[in-house]
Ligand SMILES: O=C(O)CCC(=O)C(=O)O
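Quick setup: one chain, the form predicted on its own, written in structure tokens, and binding and motion questions come after.
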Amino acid sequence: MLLQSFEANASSSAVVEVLRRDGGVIVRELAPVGLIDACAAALRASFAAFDESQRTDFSGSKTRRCGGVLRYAPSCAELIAHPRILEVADAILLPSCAEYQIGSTTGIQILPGESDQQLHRDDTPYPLQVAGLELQIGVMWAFDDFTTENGATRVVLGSHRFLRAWHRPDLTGWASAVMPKGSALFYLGSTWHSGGANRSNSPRTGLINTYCLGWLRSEENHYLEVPPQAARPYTERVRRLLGYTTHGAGHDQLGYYGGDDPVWVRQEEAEAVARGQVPGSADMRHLAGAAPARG
């Protein structure tokens, strides 16, 4: 069975239909090569500085990773908040939440000689399983052409339909996400998948962004990875995706700050931090009700 793929101009509804049916789907050449190259360049130093002590059996012996990319790679915001990506995320996640957020942002570079990664689900940090409820979705952006030789992501199609508490799907059959540079692989958080073995002579680089329901704790702590002074230059939409907003309203509100929605990260707050004042302290709470700074 092959992963179904669409051209970049395909409707989001068609992409969502296949994603719900198969658990994974590709949209080819969704981002221009110039943007992909800019994002790859922004991650290069972090890959080069990878701490070898962070390697685990799960992450691989010849794979480099870097997280929290919006702290140092602002060009990646165009991929993370790409309109097509968010249209698909809206369809999958918004039926179950008031607002969703980024779960994690991870650059992954699979080096030659790496073996197949262990097949897994991305939603396992959450001890919750409800049939039909997706807790998150993932998007893998291809910074290189993904091939079966260089470690294209492996996806077990249909595996999202098995409750992990009761069934373990047959993981012997999987499809490779073969796709050209600039393409995006969408997959559900409940879909079994992994990085592939790199039998080529060149690294295979990609960026995985996950998006989770807004009432869940995000996998990455974005307030430390991308603190207010780093988040402020981004658009309101990106700040909301980072969690600088509330979920719900009134008595159902989560994540409020000083009684208000904290999505407006103000210049005054950054200046106060530079002066040594502590975010959340009494001398800064007056900022929460100030006029918003536009993104």
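Residues carry their position along the shown sequence, with the first being 1. In this text, all values refer to a predicted model and were calculated from it rather than measured experimentally.
The protein also exists as the form predicted in complex with the ligand; that form is not presented, and the subsequent description refers to it.
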query: Contact of Gln136 with the ligand in the predicted complex (heavy atom, 4.5 Å); finding: no
query: Contact flag, Gln117 vs the ligand in the predicted complex, heavy atom cut 4.5 Å; finding: yes
query: is_contact(Thr147, the ligand) in the predicted complex, heavy atom dist at most 4.5 Å; finding: no
query: The ligand contact in the predicted complex: Ser176, any heavy atom under 4.5 Å; finding: no
query: The single option of Arg232, His247, Arg44, Arg65 touching the ligand in the predicted complex, heavy atom within 4.5 Å; finding: Arg65
query: Of Gly195, Gly182, Gly189, Gly214, the one that lies within 4.5 Å of the ligand in the predicted complex (heavy atoms); finding: Gly195
query: Contact check for Cys76, Ala81 and Arg237 against the ligand in the predicted complex, heavy atom at 4.5 Å; finding: no
query: Residue stretch of 125-133, 106-114, 68-76, 82-90 approaching the ligand in the predicted complex, non-hydrogen atom distance within 4.5 Å; finding: 106-114
